[in-house]
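This document opens with one chain alone, in structure tokens, the form predicted alone.
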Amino acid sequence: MSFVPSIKPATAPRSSRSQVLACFEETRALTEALATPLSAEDQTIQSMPDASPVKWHRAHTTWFFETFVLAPTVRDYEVFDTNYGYLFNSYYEAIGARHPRSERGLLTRPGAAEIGKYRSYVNEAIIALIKNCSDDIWNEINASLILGINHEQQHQELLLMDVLHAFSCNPIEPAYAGTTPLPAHDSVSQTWTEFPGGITEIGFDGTTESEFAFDNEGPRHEVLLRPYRIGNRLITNQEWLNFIDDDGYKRPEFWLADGWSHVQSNEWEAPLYWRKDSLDHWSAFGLRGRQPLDPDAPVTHVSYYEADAFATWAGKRLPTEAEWETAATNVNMDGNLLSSRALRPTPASESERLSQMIGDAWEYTQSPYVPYPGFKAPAGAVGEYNSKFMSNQMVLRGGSCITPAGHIRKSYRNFFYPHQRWMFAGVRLAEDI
């Protein structure tokens, strides 16, 4: 028996066994490498309901392979532990009951070491399946294996987001990685690139069989754009300081009603991880610890409400996702991603016409996360992967400094609720011509 993959057959990758095996092993190893600097205690803590413990991420991604690849495919497969289906199911209603998300930090057992054994057990079974299964079975599981790999890459970014939030709650402010100074750089002024508008197409086109895309990235479809211009770089910390100094967090005329309510109820006065010392000097806490605020680096860890308020204050607006994707058409896919090991957004380069489109920070758009015209969720449990969240969330584009290399596409649609701030999310402005 096999399950229905979350991508249409026309876009299902046709990578060879050796390619999928190598990618599987590399992805699984990277997750463990990201967890290596963390103690068992570090891996157990859950600092807020939106976050998950590191060992939960390690276990859930393993459960995904076990549940959606091994159990339906391998005859007489024995699950590692029958309790894990309840403990590590995230939100798949079709699979069954699960432990409450907000209480994942209460799971002191199984411990981090036991999760390591679970990962090894499933790794061995997946590797044996890839190497030994018939061609018919391989054709059935190929797309689902690649989905599982991409799913784990998503959780690698979530893992680091959640570690940062947990460490930010610790008074001693521990650093996930060592402190390294940024190289010298020049400030890059804000300029604008114009686009004529008209009828264009966005979304994953599915023409390259070796590429993967999540189902929410298609179908490719036409959109009508009015002429617009978009900023050459992300908004910087200094520009955000200007917003703060102009009482941006105290003036309701810049804010959506729900945003203003969050400002007041949560006492927002700066991005999430900014700190002010006794001399009113700002610093920022990050994966490399607390460091002085770099005025030229992109601002991050702001909500959609804050991004929209800043744009209103600046007399601009946020781009739509169609505008963003059209602007990114000829942008180089190299960027400050996880592979750069910076673990923080870096200042823009003067040499680039449109810089920081890939990596550094996820970029807010003013587009709600809704299905594209013609979208239809796949049948079965994996159909819940994206479609059930297409409400009340906003689309972000471009990846961040902790997005795994090879996991980002110009059609990639990330999405978060408008009040959330713990992701590496920043701001690029746009305006009508």
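Numbers follow the displayed sequence, beginning with 1. What you see is a predicted model, and the numbers here were worked out from it, not measured in a lab.
A second form of this protein, the form predicted in complex with another copy of the chain, is not displayed here; the remarks below concern that form.
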Assert contact_stretch over 220 to 228, 278 to 286, 129 to 137, 183 to 191 against another copy of the chain in the predicted bound form, heavy atom within 4.5 Å, equals 220 to 228
Non-hydrogen atoms within 4.5 angstroms of another copy of the chain in the predicted bound form: do Q153, G406 and S411 all have one? no
How about L87 - does it come within 4.5 Å of another copy of the chain in the predicted bound form, if we only consider non-hydrogen atoms? yes
Even though the partner isn't displayed, in the predicted bound form is K117 close enough to another copy of the chain, meaning a heavy atom within 4.5 Å? no
Taking another copy of the chain as it sits in the predicted bound form, is V370 near enough to touch it, meaning that at least one heavy atom pair lies within 4.5 angstroms? yes
Non-hydrogen atom contact N170 with another copy of the chain in the predicted bound form at 4.5 angstroms: yes
Answer key, another copy of the chain contact in the predicted bound form at 4.5 Å (heavy atoms) among E269, E124, D258, E78: the residue is D258
Another copy of the chain in the predicted bound form - contacting residues of 181 to 205, heavy atom within 4.5 Å: I199
